[in-house]
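Same chain, two versions here, written out as structure tokens and called structure 1 and structure 2.
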Structure 1
Amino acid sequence: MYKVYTEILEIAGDVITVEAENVGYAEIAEVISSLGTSLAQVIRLEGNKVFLQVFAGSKGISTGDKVRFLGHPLRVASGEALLGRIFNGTGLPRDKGPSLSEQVVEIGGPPVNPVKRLIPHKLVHTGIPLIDLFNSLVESQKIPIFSIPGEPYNELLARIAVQAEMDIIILGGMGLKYDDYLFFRNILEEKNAFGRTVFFVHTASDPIVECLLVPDISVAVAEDFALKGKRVLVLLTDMTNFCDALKEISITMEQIPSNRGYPGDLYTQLAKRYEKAVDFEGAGSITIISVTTMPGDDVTHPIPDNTGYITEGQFYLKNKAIEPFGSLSRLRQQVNATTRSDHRTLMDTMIQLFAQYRETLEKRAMGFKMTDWDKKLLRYGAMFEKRMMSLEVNLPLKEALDLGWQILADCFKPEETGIKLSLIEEYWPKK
């Protein structure tokens, strides 16, 4: 039998405080006001004082309203009934479809035991040469897209979702503009991927507290699908909005701020979500790709800085292209030795020559005389940017490798590339 508390001690922002006994951390409660019933979650315990985040916001709640603790953490329905559906940050339908209450799973559970994880070893094909060829995405990897506001990061995320050939796509949107929300829905419908997608969407006009739940609810459902043998791709956009929501709540809670006002446990909060990426032994997998927009393109900002320590590299989006020198997939060595015999050599050679191209651009800008070698590098760099870096390019890995050889052959002689003779004889395009 649930005990009802009839006095709220304090209301600060979306956080209310009550005095209660035998309440656990992260437990869910119902707040019953004149406007209806709202769910709230315990976020702090101080003796008998219990601090709760009200998901729908504290508007309309007074100190005389009732609070009833439910004795369990937040739960969400899971299973195939979710596919093709759109929910808000608390798991309630946003698409006017029926509410779901079967196959309930708890959210916010611990990460998977390391001994139950497989070493990542499966390549995820995206059709994007700068990823497949140079920074291969690996199943069960966690990797963010670092970007500045205004870059097409959601378009890149949607393209990966459609082309990654995963069983299930879970989109966790935080602080999304309505246009972005419609974009994801429309593009997945057009590409016939909507039927294997679950949306958990928090828009910019929704209560800020719901934003904090989106990553947890997304990975909880992903874990349930993965344990049933599904390969799940979780897309989270934008984790900067999630961190800003954390910051707002911590200020309300009067916590001592850390770097640039963000809470001191920012690293832990991010790691708790990213570490859900896993390849289960004898079951499916969870791969997490997120977006982190960097205020002022500042990679030392606390959000990208902490994210970089947790994840296995990043894709750096700049000038509407994936920047080769800011991007890194630390797991690419796990897969690019098994794709084709020329993959690693071609990747190294093309990046080395592209670095020389960037140096040549600086020489030219300073007015130095261009040598024949410089002119070759300038031609090569222009072709690399247009045919490899552009996000408009869409090629399977094998064709991207063949294109790489063709670009080299159009700009250089075989002996100028430094590639060993056996690979030249096998892959250099014949005239």
Structure 2
Amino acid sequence: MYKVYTEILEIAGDVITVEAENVGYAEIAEVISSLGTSLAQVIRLEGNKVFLQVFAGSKGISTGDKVRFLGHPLRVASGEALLGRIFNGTGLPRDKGPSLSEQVVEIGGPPVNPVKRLIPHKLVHTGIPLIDLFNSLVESQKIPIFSIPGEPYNELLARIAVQAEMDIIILGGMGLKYDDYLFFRNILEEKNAFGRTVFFVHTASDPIVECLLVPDISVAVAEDFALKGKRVLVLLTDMTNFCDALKEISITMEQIPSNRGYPGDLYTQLAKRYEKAVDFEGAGSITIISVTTMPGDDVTHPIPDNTGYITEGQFYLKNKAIEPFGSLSRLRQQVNATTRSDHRTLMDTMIQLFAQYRETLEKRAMGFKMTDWDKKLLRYGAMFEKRMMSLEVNLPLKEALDLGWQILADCFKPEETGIKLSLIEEYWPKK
């Protein structure tokens, strides 16, 4: 049935070249070497030359090894049987369970027709005031956590996952440390979420090409669940490793780099994955929360920069708290109009005052005299940091709003806040 080709002409990086006929672009093949069998994907066709990217890497492949074309694009098993299981980037089990071949879905399927999307409109409660009150998370949103190594981004990711109460959680780990993987498993088990979770894990020591497949496989399985009416939460950590894998491979492939070595299509590559986030009209939804560690805490680095242009905002995790500046949920206005009439004004006012607090801190650091107004701001800022920003705070939205008014009333007179009178009359705490 499938033709087997034995002559490997060229091996460069993780790309091998064979001569073969009737091979389709992006088709999958098996490379059988002395080290075992690996999948490979067609990435270029030139006359009868076929260029294959070997998922397990080209290490140990000899020019005499066999290549067998499977005649179909990359696929993965999907469905309920995956829940509670752990797989690698190509969909093979990493746990001791059986390998699956039921309900296969294609990876990298076509884009959703925009007119079949719903306007995101369901608030996802996380219990974190800096998210719920200031940057509400919305079902079908795609949003990264911008951070640097050493910050508790995986803890934050896990906490959102557990408190968001979604039907299915899909965790895609790229270049993940084994400890991190164990951490996720333990916390999900502890909170009784393991049974509705699928793991696709690429660890730091696995072949680099597999890293590239993790987001694809994660969103492909998520899409299958969503089409069946499930609300799916996809967690991707760390997308910086994905981008670096992309860079490594594109340079090996002699593509012209655009910015700091990253390929010119980095934006398109990221968009292809992130844009899978969707709320289907008449079916389920996919929400994507990812981690992007910023090299050198530099938000203008190509990875966070391109990510920021695709995702619907970002949570900026700094000094173990979600930083009000730099964090933004673009979809918050879809949901925060209907929560409570004071939500938006309170959100804006508190942030504007917090901005002034930051300026005052600078002034103080430079040794200037603190005016009465400065003192008020300092008091406000400290209270805001302790009672709102700290990741230890766990409050439902309504209570967080009430707390916001309380903090304002503790620190300011109504007219100092710039809030319009009708709201002051309704919400300003009466002494």
Partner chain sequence: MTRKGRIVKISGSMIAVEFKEFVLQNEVAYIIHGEERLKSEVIRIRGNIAELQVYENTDGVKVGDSVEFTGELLSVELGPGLLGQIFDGLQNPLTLLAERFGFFLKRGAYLKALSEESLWEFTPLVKKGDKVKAGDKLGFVPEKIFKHYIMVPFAFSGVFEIESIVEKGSYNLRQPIAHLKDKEQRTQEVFLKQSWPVKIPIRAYRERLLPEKTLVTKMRLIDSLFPVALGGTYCIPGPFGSGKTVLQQLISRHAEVDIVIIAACGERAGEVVETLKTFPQITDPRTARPLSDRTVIICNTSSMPVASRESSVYTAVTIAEYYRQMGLNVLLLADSTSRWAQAMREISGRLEEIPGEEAFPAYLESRIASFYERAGSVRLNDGTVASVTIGGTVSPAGGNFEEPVTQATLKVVGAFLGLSRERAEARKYPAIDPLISWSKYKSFIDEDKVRYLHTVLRRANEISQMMKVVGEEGITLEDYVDSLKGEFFDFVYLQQNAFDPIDEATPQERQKHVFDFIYHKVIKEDFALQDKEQALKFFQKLRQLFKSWNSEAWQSEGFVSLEKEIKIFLDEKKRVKSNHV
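Residue 1 is the first residue of structure 1, and the numbers go on in sequence order from there. Computed from a prediction, not measured in an experiment: that's the story for all the values here. Definition used throughout: the rigid core is the maximal C-alpha set that superposes within 1.5 Å between two forms.
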Selected structure - the one that is the form predicted in complex with the partner chain: 2
Asn48: Cα shift of 2 Å or greater between structure 1 and structure 2 (core-aligned): yes
Core fit, then Glu425 C-alpha moves 2 Å or more between structure 1 and structure 2: yes
Value in Å for the CA shift of Glu416 between structure 1 and structure 2, taken after the core is superposed: 3.3
